[in-house]
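Before any questions on how it binds or moves, here is one chain, the form predicted on its own, in structure tokens.
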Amino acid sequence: MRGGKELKEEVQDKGFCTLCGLCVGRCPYIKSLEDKIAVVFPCGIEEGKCYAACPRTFTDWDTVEQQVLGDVDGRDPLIGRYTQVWMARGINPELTRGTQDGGTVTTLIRTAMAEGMIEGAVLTATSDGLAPQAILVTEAGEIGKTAGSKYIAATTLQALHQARRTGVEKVGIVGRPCQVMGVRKYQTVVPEECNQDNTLVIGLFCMWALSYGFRDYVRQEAGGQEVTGIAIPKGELQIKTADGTITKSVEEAKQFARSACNLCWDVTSELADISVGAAEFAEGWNTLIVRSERGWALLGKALKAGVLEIKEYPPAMLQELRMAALGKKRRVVAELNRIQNEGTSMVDLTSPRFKSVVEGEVN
């Protein structure tokens, strides 16, 4: 069995940590500072839950997917199992104020709390428009304060343990693909601490997350002006300040992408109940992928409440999304093969889900 010592040696020391935050807060010997996580004292536990649930230790993707979405028939090898893809946007200005793109995530999590699907939400906030902060929200009125994309990697899942300690049983989680996988593995390892039936998972699209060096870069570019937000529409980096918007090439942001993201197979949070990303072809809209029965229930409640609008997703744009995912998956499989040859196995690369990408059997 493996515990904190192996987590440090096999994940953190090798630069594979996703900064999901799952191990932080559960173990008193694991601490975080900005985009660093460290095991500060060897706990000596041979069967460590932190190691078993980590999204960067060996993961049986097929088994986890079957446990989460086993009743979903349709499986797309590029964007995962799903029942429907829509364009979506929030239409209640009270819920979407300060949101990014279509405000769909904020609208959905507010709906889930208002309808009693969840008692609290594990979210990511920011105090300066840049540095992310994990937060547990138990009042619907506080959710709006977490609106907007946070591009710097956050240890969001540490707030999941706060929910358990404070007696929040039905919890909603909004996270990156690596965080979604962490939650799903945690539900397998310690179901009594994170029951799947009481957990709503909204996953975000993600190609890469940024290091804290990006914060320093933005501050420098802003030249002392207050940064009010960041947006990365297709091909651009937009730094929003009180005096206007500074536009740069997206490559300026990509230089701060964390190396651990080169190992992330998932682009669209394939194991979430609902996945949400920007619809770059339609300003003010999101891409919404419904994957599970719980996801359908949430969507139905939002539509019935009149706070969300959906419409048909253009087939050409869906294919563009799939091809973007394919490109990322091929790069990641090559990297996974490389580190496996060096002695680290994260997934079963002989599984059809990985082999089909390598062998060009998807289109």
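Not measured: the values here are computed from a predicted model. The first residue of the sequence shown is number 1, and the count goes up from there.
Note that the form predicted in complex with a small molecule isn't included here; everything after this is about it.
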(message) So, a 4.5 angstroms cut-off on heavy atom distances: do all three of 68, 80 and 182 pass it with respect to the small molecule in the predicted bound form?
(response) no
(message) Among the candidate stretches 236-244, 271-279, 110-118, 159-167, which one is within 4.5 Å of the small molecule in the predicted bound form when only heavy atoms are counted?
(response) 271-279
(message) Exactly one residue in 194, 123, 264, 290 has a non-hydrogen atom within 4.5 Å of the small molecule in the predicted bound form; which is it?
(response) 123
(message) Which residue, 149, 211, 228, 92, is the contact with the small molecule in the predicted bound form, using a 4.5 Å heavy atom cutoff?
(response) 149
(message) Quick check on residue 72: any heavy atom within 4.5 Å of the small molecule in the predicted bound form?
(response) no
(request) Find out whether any non-hydrogen atom of residue 204 is located within 4.5 angstroms of the small molecule in the predicted bound form, and reply yes or no. (result) yes
(message) Given that the small molecule is not shown alongside this chain, does residue 172 nevertheless sit within 4.5 Å of it in the predicted bound form, heavy atom to heavy atom?
(response) no
(request) Please run the contact check for residue 260 against the small molecule in the predicted bound form: heavy atoms, 4.5 angstroms, yes or no? (result) no
